[in-house]
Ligand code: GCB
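Read the single chain below, which is given as structure tokens and is the form predicted on its own.
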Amino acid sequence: MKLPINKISAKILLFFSVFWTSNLFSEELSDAESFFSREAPAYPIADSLLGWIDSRNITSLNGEWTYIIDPMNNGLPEASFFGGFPKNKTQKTGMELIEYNFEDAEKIQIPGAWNAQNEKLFFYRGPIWLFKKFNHSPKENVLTHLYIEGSNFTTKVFVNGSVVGQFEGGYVPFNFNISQFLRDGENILLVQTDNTLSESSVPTHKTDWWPWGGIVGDIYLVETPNEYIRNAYLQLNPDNFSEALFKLQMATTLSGKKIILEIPELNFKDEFVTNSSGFIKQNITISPELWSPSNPKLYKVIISTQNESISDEIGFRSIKTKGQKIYLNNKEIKFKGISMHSEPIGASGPAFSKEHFKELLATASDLNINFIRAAHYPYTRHLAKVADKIGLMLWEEIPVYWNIDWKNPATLNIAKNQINRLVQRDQNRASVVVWSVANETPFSVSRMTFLDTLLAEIKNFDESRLTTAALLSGNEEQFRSLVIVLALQGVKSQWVNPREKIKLKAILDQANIPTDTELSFSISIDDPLGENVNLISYNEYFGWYYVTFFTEQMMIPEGTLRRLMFEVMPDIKISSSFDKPIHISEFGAGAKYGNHTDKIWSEGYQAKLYEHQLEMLSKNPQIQGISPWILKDFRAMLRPLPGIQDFYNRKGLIDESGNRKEAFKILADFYKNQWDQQIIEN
């Protein structure tokens, strides 16, 4: 039976007439163009961060998920006729044309990076879809939020085929109220994660660590009342140990809401009332035992309303600087540190769990440290919670790294969002003593404006901690003087061969420097950002990278210059034009575990560098902290050298399996014997 032409949809006729015609550029063909692409839906931004997450009514979505690789972004609603993954079309009769199937897709563990769980995806950078079913029973006057601890680097969320929202910028937590999208019974959650980086992302497309992709932290459903506490802050006044600042923000601008704050062990209980913005800011009087590395005391803190109760374990301590010294609880302290990346020992991928960080910090503690630099991006909340309990101080950082797109407002917004969410998540962690806004960023006016904005963002939330950024320093004139110092050392060193001495003397003659001149190298850290931070932090690589800069200029073999650098290193002077403490945030050398030659990349070379570096740093009185680079060998795409690096940065004091290199003991002995003694003598 033939269907009359007038019964056929005009839209279908138009589609087929257009699809088969060659005139594809006429204005009448908009419907056909939509076959290949559609207008993108609006993607709402994430809600303000939900704090005190571990005391909420949570349902974990961690565990087994399925995933589909989508390098062409075909699954997005705006993609094409062939995509539209959020609808999750399934077979009903066996005759439906469906070109994807989440039910039978490959499986993955969440949290966890997909490029750590499938070797075929190791170098893949692009979108992947993650699929999870869950059951839900809606409750009256209860909201349900989706909380994701971290997802790299652009994330789109869909529930039951509907757009929930998008989050741009990795590592930090975010949440959405998904109540309106849920149904009674089975629900479908789809999360598209894309680990692609660009010149305008944070971090940028080139990093010296692995761009792990996927959901890299816990993922929860969180139930709250309609009127709920968004977040709360409780920290000691650094100048008055009997006073603490209490701040609280309701999720709604509800005035007159009664809030009860309790610290049972201190016999403290008081009642507060929110203002017209749903906010409380009040000083309270307490007399806590102070938290420190030797006494990591924590108190249970309970905050309640008529409808809910949240709680946490909080330590009270003071951290501040005065002149060139650092003071913890008004006692002088030095940061005996090590830098770290968020990768577990003996496993591939990012560290995300309490167990991962317990093992990492236990290993680091064997170095006799009191401080960890958590570089170069936020880790999950479990790092700071473990550090709180065992008594390690932390530096936490966002991935403003190398040369960011300083003039791009969108880039600044990503960085602001990262620092805000990091600070709001960990603002009650006693272990966190330093917020860092950048690493190794070249000076420019636009960079100064960018970083000053981030420092101002920190101040809006928290003024009880130190601020910093890991700086580079040294100008052409200063490093020219280092060439002279190396040449002076070379002409008097007995082991330098005659041909090399002739070249070194020629350098001195050209500079009109007599060979018997006594000269040492000094460097002053004068980056203007130092004016606006509390701690002057400096990354330096004497004995490793710097030598390679001079080899071609001086026409002297690299091996010779490395030996000369070791000889002059103990007398190098490091200072700053700012009357503030200096923290050496990086130094180090690469070494392959088990390489016991006398060459570069050997454990012996790394050990010698540590010996000379530590001698140098101990002679510089303005230096009040160090965090050598780095605890453990970590994955890095920049490091392909076969047989040595194999896509690892090898500057670790342990390798990826936890084997300790020779330099591990050298640093541990230095911290145990030398720096502690210096503070006692002072």
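No experiment lies behind these values; they were computed from the predicted model shown. Residue indices: 1-based, along the sequence shown.
Missing here is the form predicted together with the named molecule; even so, the following discussion is about that form.
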## Note on the structure
Within 4.5 Å of the named molecule in the predicted bound form by heavy atoms, the stretch out of 611-619, 626-634, 57-65, 40-48 is 626-634
### Message
Which residue, E567, E440, E313, E262, is the contact with the named molecule in the predicted bound form, using a 4.5 Å heavy atom cutoff?
### Response
E440
### Message
Quick check on this chain: which one of Y541, F550, F268, F102 has a heavy atom within 4.5 Å of the named molecule in the predicted bound form?
### Response
Y541
### Message
With a cut-off of 4.5 Å between heavy atoms, is H376 one of the residues that contacts the named molecule in the predicted bound form?
### Response
yes
### Message
Against the named molecule in the predicted bound form, would D194 count as a contact residue? Criterion: heavy atoms within 4.5 Å.
### Response
no
### Message
I'd like to check something about F122: if you look in the predicted bound form, is any of its heavy atoms closer than or equal to 4.5 Å to a heavy atom of the named molecule?
### Response
no
### Message
Can you tell me whether E586 touches the named molecule? I mean in the predicted bound form, with a 4.5 angstroms heavy atom cut-off.
### Response
yes
### Query
Which of the residues spanning 101-134 lie within 4.5 Å of the named molecule in the predicted bound form, based on heavy atoms?
none
